[in-house]
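What follows is one chain in structure tokens, specifically the form predicted alone.
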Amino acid sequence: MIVCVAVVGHQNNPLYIQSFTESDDVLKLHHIVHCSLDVVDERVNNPKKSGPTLNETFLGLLYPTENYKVYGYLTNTKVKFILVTTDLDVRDADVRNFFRSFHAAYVDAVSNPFHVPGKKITSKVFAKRVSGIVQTFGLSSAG
């Protein structure tokens, strides 16, 4: 189950953070997202030490905690997507498909002529689309 998704700008400014749990965990999830930015920077700046190549946008599992697994994705414009899930046995293919859909929704949201680049994404259509993507996460592999 996905508990949090985030879009973080190229200057590590949060553009969109949405949690899908009770309000008690919101601050904890924001902290997890913030901590994952260090891992993203480490993987981008030291590509030899980690698996993905420079032109690979999917960063894979950033780090596991006791209750969560954190995955990352980096766009060509250095915008970071962070996914926090409670599932401990998530397939990489499912996470890649999630990030592809999430990236497409992000591109549509920032292509809006009324969106100011670098500012928070406040589009209700984007939030609704993200909720739909989150609800369908992992359903393709459930068969």
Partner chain sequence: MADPANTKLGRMLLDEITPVVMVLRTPLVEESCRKNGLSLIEMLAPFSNFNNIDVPVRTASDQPYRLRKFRLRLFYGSEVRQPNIEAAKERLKQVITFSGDKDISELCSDPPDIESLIATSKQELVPSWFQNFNKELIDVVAFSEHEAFDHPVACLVAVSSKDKDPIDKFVDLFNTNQLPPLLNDGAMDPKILKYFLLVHDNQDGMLEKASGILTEMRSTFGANDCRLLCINTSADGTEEHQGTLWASYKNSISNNKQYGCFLNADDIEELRSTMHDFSSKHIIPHMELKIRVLNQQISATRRGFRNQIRNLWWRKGKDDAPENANGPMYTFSSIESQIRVLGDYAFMLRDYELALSNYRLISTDYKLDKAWKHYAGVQEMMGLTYFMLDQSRKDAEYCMENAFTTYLKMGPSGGRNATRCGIWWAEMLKARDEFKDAAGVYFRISGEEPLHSAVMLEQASYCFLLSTPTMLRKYGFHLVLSGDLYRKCDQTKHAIRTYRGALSVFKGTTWSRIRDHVHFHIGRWYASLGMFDEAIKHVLEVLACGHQTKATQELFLRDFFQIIQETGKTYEVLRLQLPVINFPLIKVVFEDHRTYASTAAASVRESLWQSLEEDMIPSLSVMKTNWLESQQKVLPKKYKESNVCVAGEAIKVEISFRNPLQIPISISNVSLICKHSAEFDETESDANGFSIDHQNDKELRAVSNSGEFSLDTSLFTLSEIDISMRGGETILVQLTVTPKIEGSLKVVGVRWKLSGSVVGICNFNSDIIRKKVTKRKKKPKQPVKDNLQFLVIKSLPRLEGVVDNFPKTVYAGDLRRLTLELRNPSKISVKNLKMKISHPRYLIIADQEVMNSEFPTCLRKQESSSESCTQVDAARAASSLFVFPETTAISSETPLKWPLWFRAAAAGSISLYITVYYEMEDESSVITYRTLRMHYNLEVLPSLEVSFQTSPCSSKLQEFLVRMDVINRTSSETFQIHQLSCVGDQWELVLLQPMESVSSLKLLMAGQALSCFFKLKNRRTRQSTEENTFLATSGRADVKLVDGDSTGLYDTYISPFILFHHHERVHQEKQEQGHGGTVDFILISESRSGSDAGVASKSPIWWLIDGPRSVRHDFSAAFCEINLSMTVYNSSEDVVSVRVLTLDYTPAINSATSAASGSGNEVGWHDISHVSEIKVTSDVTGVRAGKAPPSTDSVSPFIWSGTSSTRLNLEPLSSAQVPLQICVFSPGTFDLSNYILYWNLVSSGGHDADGPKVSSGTCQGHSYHIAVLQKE
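Residue numbers count along the first chain shown, from 1. Predicted model only: the values in this text are computed from it and were never measured.
Keep in mind that the form predicted in complex with the partner chain is missing from the display, and what follows is about it.
In plain terms, the part of the chain that comes close to the partner chain in the predicted bound form, with a heavy atom within 4.5 Å, is 23 to 31 out of 97 to 105, 83 to 91, 70 to 78, 23 to 31. In the predicted bound form, Leu61 stays away from the partner chain, with no heavy atom inside 4.5 Å. Although the partner is absent from this view, Val44 stays clear of the partner chain in the predicted bound form, with no non-hydrogen atom inside 4.5 angstroms. Of the heavy atoms in Val8, some are within 4.5 Å of the partner chain in the predicted bound form. For Glu56, no non-hydrogen atom is located within 4.5 Å of the partner chain in the predicted bound form, even though that partner is not displayed. Contacts between 1 to 40 and the partner chain, taken as any heavy atom within 4.5 Å in the predicted bound form, involve Val8, Asn12, Asn13, Pro14, Ile17, Val26, Leu27, His30, His31, Val33, His34, Cys35, Leu37, Asp38, Val39.
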